[in-house]
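First, one chain by itself in structure tokens, the form predicted alone.
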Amino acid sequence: MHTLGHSGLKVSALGLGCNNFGGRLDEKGSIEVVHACLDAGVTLFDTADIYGDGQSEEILGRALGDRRDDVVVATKFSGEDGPYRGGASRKVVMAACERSLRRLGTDYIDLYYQHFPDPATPATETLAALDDLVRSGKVRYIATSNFAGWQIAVAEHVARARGGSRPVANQCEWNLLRRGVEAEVVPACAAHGIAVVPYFPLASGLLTGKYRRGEPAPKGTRLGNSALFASWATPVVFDVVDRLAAIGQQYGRSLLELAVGWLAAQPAVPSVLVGATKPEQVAANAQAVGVRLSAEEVAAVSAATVPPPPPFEPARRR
């Protein structure tokens, strides 16, 4: 278990990303994955109000059942569309929280993320609303997601100036094929004692070895079902994957272990969010996050992925 940023909240090294629930994965399969996580000691479950159009929260709540108080439930607001559902105004924050509470079947949210920055709403307004939710007991801790380094600094400054609840974590896309957050986001979080919680650590499967250069993506996979995701499988990306595979052979590590283990070795990272569609994947992910890469291995992996390949499409909604 690891402490989340400057808070006292403990989370497991592996977190479950629940964005597949209600979409690629039906309720039965989702519940099986949640129960496999509980059996593996996973305590962090991450969802959002837009995942599966709200079904992800509903399924997660039912899957946890009477184990609710044994875990950390994280969800997000601000990702919906419309003037009274999107953004981060007080009206949106308060209403979104109530809807998420109902869908999750709980009376409190452990970790409440602002899913996307909202340039139209002052940070003072959003943070005041979130602080009110914390004071009311409906939210335990607040966090940001997909924020730039300067936006993290602004949120921290405003929260401190108000004397209210401070963000304890920032969630962002971070993996061995997309390392841009290391320029400003990770240093900003480290400077303010804010945890970095990476999502897409496996780059939609590109870092698992399931995709081969020159071969079509297997049916049913993310790259096999989406032209956008498939476009990421460029020769440059496969060059990086090949270098990582060579390092894996040298040290007796799988690609999965290198991808997840490298993130877990970063000082600002208390937990790595990995999605799963099968219980077997949960077991493999739990084993991978338990691997402790040596300093030599971390350095080799870092060198093999710098300079990183061209970034994927910016501002993707997740």
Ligand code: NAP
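The model shown is predicted, which means the values in this text are computed figures rather than measured ones. All residue numbers are counted from 1 along the displayed sequence.
One more form of this protein should be noted, the form predicted together with this ligand, which is absent from this view; the next part is about it.
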| query | finding |
| --- | --- |
| Partner-facing stretch of 63-71, 29-37, 247-255, 266-274, counted where any non-hydrogen atom is within 4.5 angstroms of this ligand in the predicted complex | 266-274 |
| 4.5 Å heavy atom contact with this ligand in the predicted complex for all of 2, 186 and 192 | no |
| Exercise: residue 117 in contact with this ligand in the predicted complex, heavy atom 4.5 Å | no |
| Proximity of residue 199 to this ligand in the predicted complex, heavy atoms at 4.5 Å | yes |
| Any non-hydrogen atom of residue 112 within 4.5 angstroms of this ligand in the predicted complex | no |
| Non-hydrogen atom contact residue 211 with this ligand in the predicted complex at 4.5 angstroms | yes |
| Heavy atom within 4.5 Å of this ligand in the predicted complex - residue from 203, 93, 168, 159 | 203 |
| Stretch 136-169 - residues with a heavy atom within 4.5 Å of this ligand in the predicted complex | 145, 146 |
